[in-house]
Each structure stands twice: as C-alpha cells, then as structure tokens.
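The chain below stands alone, shown as structure tokens; this is the form predicted alone.
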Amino acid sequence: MKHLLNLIDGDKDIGRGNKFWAGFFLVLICFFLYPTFVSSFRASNTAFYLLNIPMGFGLCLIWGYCGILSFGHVAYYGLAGYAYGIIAGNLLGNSWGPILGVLGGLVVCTIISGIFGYFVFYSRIQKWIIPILTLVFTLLLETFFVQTSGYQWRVGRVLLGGFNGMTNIPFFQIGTFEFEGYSFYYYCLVIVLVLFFGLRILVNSKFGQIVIGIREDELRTEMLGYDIRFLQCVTFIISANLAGISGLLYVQWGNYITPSQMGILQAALPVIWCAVGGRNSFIAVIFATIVLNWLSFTLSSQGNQYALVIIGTLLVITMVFFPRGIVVMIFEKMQKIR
C-alpha cells in the first residue's frame, strides 16, 4: 500500500506533497457535492466535460510521456462508440447488453490499435510521419461510416445510419439500474478518478520510466536491452483504450454517435487540450479539458460562431509563449514563488 502511495505521489506529474493533495481532495469534494446544488439536466451536461478526460489522458500518455503524437485518437473514440451501439442495441432488453457492449468496445480498440501499432512501430516509421498516418486512419473511418446510410447497412437490427449516425443507443446499466442524470455524473467522475490514479502509478513505475526514456532517447534505451517497439505498441494500445472509454461514455450519455465524431475537427481537440494544459501532466489535462470544453459549449450555446477561432488562437498563444502548457508553467511559477 505504501509503495502504491509513493507511486501516486511520484515526480512524473506536477503536484505532489501534502499541500497539493489537500487542495486536490478539497476540489474533489466540491465535485462530489456539485450535483446536490444543480438539476439532473445540468449534472448530465457537466458529465460531458468529464467524459472527454480519458481521451485527453490517452493522448497525454502517448504524446507527453512516450513522445509520439497521435492526431487520430478519435478513431478509437468512434470505434468503441459504434461497437457499443451495435452490441448493446442488438441485446436491447438484456441487462447484460450494455456490459458486453463496453467489453466489446474495448476489445475492438485493443485489436485495431494493436494491429496499427504493430505495423507502425515495428516498421520503424519515423515519428513525424505517425501523426499523418493516425489522421489518415481516422479520416478513412469517418468516410466509411458516412457511406453507411440505407437499410443494407445494418448489423443485426442496428442501423449504422450513415451521415445521420447511429441513434437509440441504450444507456449503460448494471442489472436494472440505468446510469443517467445524477448517477451518470458520478459514474463518469469515478471513472476519471480511477484512471487518474492508475495512470499516476503507471508513469511513476518502472514501465513509465522506460517509456519516458524512449521519449528522451530511443537508441540509448534500446541499447540498454529494452524492446522499445513492444513498449511503444503497448503504450499506444493503452492510450487507444483510454480514447475508447471516452467514446463509450459519450454514446451512453447522448445515446447516439455520428461519423463526424471521427472528423478532423474532433481529431484536433484532444491535441489542443494537451498542448494548452501541458502534454506531460494528467492534472493539467484534466483542467484544460474541462475548461476548454466548457468554453466551447458556452460560446456555442450562446450563438457565438467563434468558439473554435478563440480556442485555436489560445493554442497558438500557448505554443509561442507557453510551450510546456499554460497549466504546467503556471504551476511551476507558483512553486518557485513558494
């Protein structure tokens, strides 16, 4: 137990020590109490900000810690969502349907990312090409699913829906209890917490140290006897499954998914979250994902058409003045002041 606590409080992410964790758990208490002050509808809307965090975690892991930029992680977001919709939709009325849908979505992400990662990493493709390949992959998936309109494009009794997307996707449930409204908010919050602590343990473990070594110097790490291709592939699979978790939560939240969720616009968003917050900090990614999603949602709901322009401008400012991320650099400045 002490070893796990030491890993959670390790130095591979910003934030450690008693003061940090006191502040962290104070904020966490506020998140747990939040639904008691708002309606079920507002709690459900807030859950949307939370459900995007696992995908941010995934990109943070593969880009920030492993040094490989994936510009198409939304591919696994979409694949997991469609897989869940197909499996749970065909088992409608069966309480095991949503659980099997979740497992199916994660299996699909594991298989597809494993195959993709194998060919990319074992072929020793240069790092600057990988973002292009990942983006091409997600755009191909988007193009395919756009073409699936018509009754001939069905799996069992579930229509893929083409450009209009798949609808009537069941809520997640355990037994007869469906997660929606307040319960879905807590469901997302608990998942984010589990993933956060799990990833802190991972990056501070020996595995995480080797992955960071690969980021810093692939040749030196390989000369020390580590199979860096295998480790890159495993890290890619883990990060793809994190994106898949966000996709699963999204379809359980909105009960639909469209091919646009795998488009170039959506592909850019997690990159922006990680860049603005700080790509090598899970805490920074949590903050940036929530704030930027809130900003985008607020501006869009008020009829403002410049949400993406504002977020894009923020990305440019970050890259010029805060290359390590706004949240990370502010945190470091605060640490120096103390």
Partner chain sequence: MSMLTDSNQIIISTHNLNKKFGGIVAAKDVNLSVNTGEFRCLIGPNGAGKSTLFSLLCGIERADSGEIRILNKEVTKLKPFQRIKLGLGLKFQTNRAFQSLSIKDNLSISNNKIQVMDNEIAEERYQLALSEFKLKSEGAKLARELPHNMLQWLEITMILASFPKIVLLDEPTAGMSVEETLFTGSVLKRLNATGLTIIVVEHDMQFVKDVANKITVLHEGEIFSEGTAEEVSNSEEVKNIYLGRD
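No experiment lies behind these values; they were computed from the predicted model shown. Positions refer to the first chain, counted from 1.
FYI, the form predicted together with the partner chain isn't displayed, but the following is about it.
Of the candidate stretches 231 to 239, 251 to 259, 202 to 210, 173 to 181, only 202 to 210 has residues whose heavy atoms lie within 4.5 Å of the partner chain in the predicted bound form. At least one heavy atom of L224 is located within 4.5 Å of the partner chain in the predicted bound form. Residue contact with the partner chain in the predicted bound form: R157 places no heavy atom within 4.5 Å of it. At the 4.5 Å threshold, heavy atoms of L219 reach the partner chain in the predicted bound form.
Shown without its partner, the chain has no residue in segment 178 to 201 with a non-hydrogen atom within 4.5 angstroms of the partner chain in the predicted bound form.
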